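Take a look at this one chain, the form predicted on its own, written out in structure tokens.
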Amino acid sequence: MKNYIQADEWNIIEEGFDPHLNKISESIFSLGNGHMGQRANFEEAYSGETLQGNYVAGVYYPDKTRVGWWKNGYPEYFAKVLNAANWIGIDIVIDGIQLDLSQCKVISFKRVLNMQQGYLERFFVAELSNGNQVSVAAKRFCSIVDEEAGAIRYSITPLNFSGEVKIMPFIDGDVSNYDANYDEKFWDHVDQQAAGLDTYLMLETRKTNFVVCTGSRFAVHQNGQLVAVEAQPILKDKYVASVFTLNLVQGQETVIYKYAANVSSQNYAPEDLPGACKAVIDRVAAKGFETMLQEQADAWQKKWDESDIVIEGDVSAQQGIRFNIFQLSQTYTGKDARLNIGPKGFTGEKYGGSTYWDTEAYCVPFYLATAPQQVTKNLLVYRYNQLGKAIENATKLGFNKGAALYPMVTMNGEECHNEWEITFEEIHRNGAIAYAIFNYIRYTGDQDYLVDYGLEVLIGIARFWKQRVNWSNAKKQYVMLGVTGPNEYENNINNNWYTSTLATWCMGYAIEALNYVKAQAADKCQALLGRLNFNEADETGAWQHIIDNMYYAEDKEHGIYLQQDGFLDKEIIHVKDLDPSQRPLNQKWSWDRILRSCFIKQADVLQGFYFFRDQYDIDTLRRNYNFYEPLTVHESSLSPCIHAILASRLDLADDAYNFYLRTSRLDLDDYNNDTEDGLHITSMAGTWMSVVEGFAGMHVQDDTLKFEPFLPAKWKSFSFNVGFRKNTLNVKIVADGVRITNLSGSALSVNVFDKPVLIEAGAEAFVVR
């Protein structure tokens, strides 16, 4: 675990430059705006260890799967978000020596991510090999007002000399993905131009034929005055730059402003991209850097008004939650139903930047409560639009009659995960899609979603589960063979309790949804069932028979549900008894050893208790938690938050707090020694869940928003806003109770500590603990 980020409520601060931590910092200080993003690479040259990364949302490449064997139904490619043209570059050469922090003496260095206003700044003083000392201050952001644009203010001040500087703003499209299977480059050159202060580069992806035009314009100021420069163009393959020279005067600041844009063929015809790119550059350059920066601050304030969590008395915890909310908010805005949330967002390439079940299980609750309803609806519509592909995926694996298997990993609905035990067996992801529909409707009350979209998806999923189980003559029950549950430290197991529970729940919910749509929109329902060749009596009868006769592994002696058949055949060893030098297991042990062990990567049985909290009493939860948590190594970023929520329900305040701190600072403190690959964006929503669903105990039951809160010992209070069915509430938990303020124009009934509370419009209520 690293501990070099300074504690601050609104800023992420790195003081001093350690090259060994640079790739970690590149992840932590990443920027984005939902349309594009970048790692915190330096503007000037850097020859040290770095992971260069600029990304444009939705632009991907089907990199051919690299395996030594092949199986029927195996994906032919692994889709990945592409490292796109680097637009931030500004090469600096002073008196013939290139400015490069890897090649000079770094006298001082500070990097600050201002989360409140949404920008990154960096300050350093460097001594070049000839003794010249230069001070640099750089500030940049990806605009959430002009989402196709970004801007940089880069200043140079010579401290002990006067001399000549050569400045070269550039766009470099000759880039590659760090994780390319065959070291292949994925971009082809289309066009480029450099004229005066403008540069433009247009590239096209191989195979997928996305076209992206990246453009930039710069301006130079000295002594606060605009300087006219004679820039010379440099045109190379997939690279365009302008170069000019200036005189530097000791103590005088020279400022380069760089405005850039990324526009893609997702939103424009390819032939219109140069004009569209220039229009964006014209617009933002006319505003100027300071106006754009103020607009950025104002827009971020609106985001914080919706989603901020305020913690009094614990700066580390406050910084952690705001960092997670900040990264979520700049990764996904919900404006475009074609986009989803990659596990690394715009911060790295691991996991390909594709869509996983993380979105439905972890991100949906965050956006439901902190964003307009349409944002979450777009996440669900994304899956609805890919239903045809889900049916194709199931067909490839031998299923038929409209059975739908949603992919574990996807960009366009096709499965593209390249590990067989995940691709073929981790089918619980199908249930997460159905659960998200249920969760959305439960929270928003938007039952029309079932009529227009949801029922069709639920039928496809239920048809899959019906075919995926089989009748066991030995048990006289239905069984689920050959699966991988959320605990990926077990493969090819039988009767995973979570998967089986989710499967029967899905079939039951599909029946419930069908009955609702029949009653509310009979004509639409009849048309849908006709199109799907749905025989109601046969299909729902089969589903119900499975529901009534499903086998679930359990151990009555311990009073627990078994993660899978035979789990207790393992040698049961608690994590606390492991030699710490053996952790993390996935970096220290062979896969064979992990699979034979009892150790659990993340919540598995306990994931079911989180989803279906109303179906199990507190004593059953306690028995299962007390058995499984001591065996869990939490080597998935998705694990600590679920345990924080369940520990909160069990009044295990210290456990809940420690799990919260781990999930909130997972990347800031590099708990799992993998932050350099990119941040864990989707699990960051779990940090919000830990506070709101865990410490505040917020959940929906019987169409009512309920709170069962407690206050962590280190905190004086915590507060947050939530939207619920067109109402907005501010909830503040203090030592002796809960204060809820209704910020909406209509009254709302809630439940606090099992007490019904009616809060009038504009009023507040205080409920004593």
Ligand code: BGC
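Computed from a predicted model, the values in this text were never measured in an experiment. A residue's number is simply how far along the shown sequence it sits, counting from 1.
Unshown form predicted in complex with the named molecule; subsequent notes refer to it.
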item: Trp357 within 4.5 Å of the named molecule in the model of the complex, heavy atoms; value: yes
item: Partner proximity in the model of the complex: Met408 to the named molecule, non-hydrogen atom cutoff 4.5 Å; value: yes
item: Any non-hydrogen atom of Asn495 within 4.5 angstroms of the named molecule in the model of the complex; value: no
item: In the model of the complex, Thr501 touching the named molecule (heavy atom, 4.5 Å); value: no
item: Listed residue that, although the named molecule is not shown, lies within 4.5 Å of it in the model of the complex (heavy atoms), from Gln563, Thr370, Thr331, Gln602; value: Gln602
item: Heavy atom within 4.5 Å of the named molecule in the model of the complex - residue from Cys416, Leu638, Met507, Val263; value: Leu638
item: Partner-facing stretch of 229-237, 630-638, 311-319, 279-287, counted where any non-hydrogen atom is within 4.5 angstroms of the named molecule in the model of the complex; value: 630-638
item: Contacts with the named molecule in the model of the complex - residues in 670-693 whose heavy atoms fall within 4.5 Å; value: Thr682
